[in-house]
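Consider the single chain below, provided in structure tokens and representing the form predicted on its own.
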């Protein structure tokens, strides 16, 4: 049975897109992630305690994981596979600055890139496998191959690329699963392969 991309979300150029539909557009601001959160009218106060990487991941995941056909899947059968090019560097630098006086425990918590997978899992009660890869550029082959391996045991995988620094905010998450009678009418599914993954990311 083939696996399909059931849903996808992108954050780029101060815009949040879900399945090619513009969900939110925020003007130039230093608090883009916080303003996007407010525009979605979410009620998750923990969001403001997170580092920027986790905020980016939670915002992207929210659009996908609250879809009814996806929300009802067994949480222990959903895996999370993420990647980026600079690990948790932005938070690492911020934490290092606090070490001159008194190290910040609240920043130290986020000095590993896979913390974002944990934040997504906690919010949506996901208990399946998870992994975070560091790659110099977006690597569709890696995400595809690892996801297909996980789908031998899992029912679905949340995958993608989350990269943020002082100049750029680049988020792309997509959800891979199997087409079923209950979800086949929701959207036009896209076959899961590296070509389609790359096209969704770059478009």
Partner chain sequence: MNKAFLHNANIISPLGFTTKQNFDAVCDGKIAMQNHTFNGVTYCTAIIENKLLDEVFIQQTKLNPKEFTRLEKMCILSIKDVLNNSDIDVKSKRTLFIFSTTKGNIDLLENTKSEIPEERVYLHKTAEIIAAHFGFTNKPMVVSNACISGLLAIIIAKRLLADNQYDNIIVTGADIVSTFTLSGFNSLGALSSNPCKPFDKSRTGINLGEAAASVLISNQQKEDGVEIVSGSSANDANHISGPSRTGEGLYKCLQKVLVHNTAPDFINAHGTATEFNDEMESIAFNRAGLQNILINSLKGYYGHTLGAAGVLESVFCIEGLRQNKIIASTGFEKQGTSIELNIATKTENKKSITCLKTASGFGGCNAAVLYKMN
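This is a predicted model, so every value here is computed, not measured. Numbering follows the first chain given and starts at 1.
Unshown form predicted together with the partner chain; subsequent notes refer to it.
The partner is absent here, but in the model of the complex a heavy atom of 150, alone among 169, 33, 150, 65, sits within 4.5 Å of the partner chain. The stretch among 169-177, 35-43, 142-150, 55-63 whose residues place heavy atoms within 4.5 Å of the partner chain in the model of the complex is 142-150. Using a 4.5 angstroms threshold between heavy atoms, residue 72 stays clear of the partner chain in the model of the complex. Contact annotation: residue 27 falls outside 4.5 Å of the partner chain in the model of the complex, judged by heavy atom distances. Contact annotation: residue 135 falls within 4.5 Å of the partner chain in the model of the complex, judged by heavy atom distances. With contact defined as any non-hydrogen atom lying within 4.5 angstroms of the partner chain in the model of the complex, the contacting residues in 69-86 are 76, 85, 86, given in sequence order.
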